[in-house]
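The chain below stands alone and is given in C-alpha cells; this is the form predicted on its own.
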Amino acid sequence: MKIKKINLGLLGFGTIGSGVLKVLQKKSALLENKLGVKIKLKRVCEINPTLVKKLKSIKVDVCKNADKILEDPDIDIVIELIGGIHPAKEYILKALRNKKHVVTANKALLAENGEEIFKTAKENGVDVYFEASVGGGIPIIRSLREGLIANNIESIYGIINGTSNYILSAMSEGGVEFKAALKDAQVRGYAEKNPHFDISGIDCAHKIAILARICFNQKVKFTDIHIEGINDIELSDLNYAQDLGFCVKLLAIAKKAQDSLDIRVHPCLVPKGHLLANVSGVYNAVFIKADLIGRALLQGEGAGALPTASAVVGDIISIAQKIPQDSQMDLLNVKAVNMSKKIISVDELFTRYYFRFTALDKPEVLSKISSVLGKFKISIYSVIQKGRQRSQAVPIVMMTHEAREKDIRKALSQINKLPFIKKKTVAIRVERI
C-alpha cells in the first residue's frame, strides 16, 4: 500500500518552531511506522536573518513571504508559530480559505478573535488545532474534548503561567523578594525581557478563555474576565500565608455558578494540603472537578521548546490521521456555542480574604480598621501583628470570614485613606477548591 504524504508549512522558526523541526526530524521514522503516513516539513517562512541562515545550514527550504506557504497547493497543514494578533490572524484566515488545516499555539489570537477563525474553518471544511495554546506539553485540550467528553465539568482551576509560578516558588522557597525572583527568571530564560503579559495575569486570562469555552460550550469575551497579576505580592505575604496554612498561587478559574459562569484570574491563598499547592517552579497544572471523574489533576512543563513542540506535533498527528478519511472535527462545537450564561461580576464574589495593612504603630489603629470593616459587615477571623515599632509603619495581617467582594472594595477604599495607613492594602482571596 502506498504511504500517504502530508506536507507541512511552518510560519515562524523561533523557540517553538525550532523545537517542532527537531521533533519531526528525530521522530519521523517512528511516526511513519505508527501512522502509516509520511509527514514532511516542506517549507519554513522566517524573516530573521540569523534564523534563515540556520535553516539553510540544515538544508530546510526557507522563504520570507508567507504566501509561498499559504498558496502552495501541496501543503496540507499550516503551523502558525509567529504569535501576536497581526499578521498571524490574516495568515491563519488565508490558510483556512485555501482549504488548509491549521495548528497554532497562539492563545491571545484565539481568545480575542477565535469566533472568526473557527467560523472560517467550519465554512471551509478544515480544522484548527491548538493544544499548545494552553499548558505547553500538558494535553489539556485533548483531554477535555476527548477523554472527558462524557463529563459535566463543574469547575477548572489552572496554574497556567510558568513564569508567574516560578517567581512565586522562588520567593517562597528561596526567601527572595519579587524583583530578585523576576530577575532570576529572566536570567534562566523563564521570563521575557518584558514580562508584563505573564506577571499581570493577561496570559492566564487568554488561556482560561479558551478552556472555559471548551468546558462550558460558552463564548467568553476576554474583556469579561477579571484579571489581577502578582505585581503587588511581597515575600512577607508568602511567609504570612505559610504561617496560616496556605501558599499563594496565581490561579485562572472558570466554574459554574447556577445559571451563570464565574471566570477570573488573580492570586489566591490555596490550602497547603491541596494538590495545586505542590505545583512549583515552571510547572503548570490544571485541576478539574466533574460529575463522572470527580477530581483530576493534569500537570507538566508549561513552556519550553520541546514540551510545547510535543503538543504541536500531537496536533499535526491528529490532523494527519484524519486527512485520508477527509473528516472534519469541530473541536469547539461552533454552532452550539452560545451566550446563554451570564458572566458573573467579580463584585458578587463571596469568599474569605487575606489583608496586609501597612499602618503606623499607634493606639486605636486596629479598632479603627475594625470599625470600617464592621460598617460593611466584614467579620474578622484572625489578626497577626508581629513586633512593635512605635510611630513607624508595621504590617497588620488579617483573615476574614466570608464577605462579598463589592463590600471588601468599599471598605478598603476607606481604610486606605486613613492617615495612619502608609501603603495600599494587599488583599488576596482565599479560594475554596
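Sequential numbering from 1, following the sequence displayed. Model, not experiment: these values are computed from the prediction.
This next part talks about the form predicted in complex with a small molecule, which is not shown.
Using a 4.5 Å cut-off to the small molecule in the predicted bound form, not one of G158, D262 and K289 places a heavy atom inside that distance.
Screening P267, G302, G201, G114 for any heavy atom within 4.5 Å of the small molecule in the predicted bound form leaves a single hit, G302. Residues of just one listed stretch (242-250, 219-227, 202-210, 83-91) have heavy atoms within 4.5 Å of the small molecule in the predicted bound form: 202-210.
Among heavy atoms of T163, some come within 4.5 Å of the small molecule in the predicted bound form.
Put simply, K107 is close to the small molecule in the predicted bound form: some heavy atom of it is within 4.5 Å.
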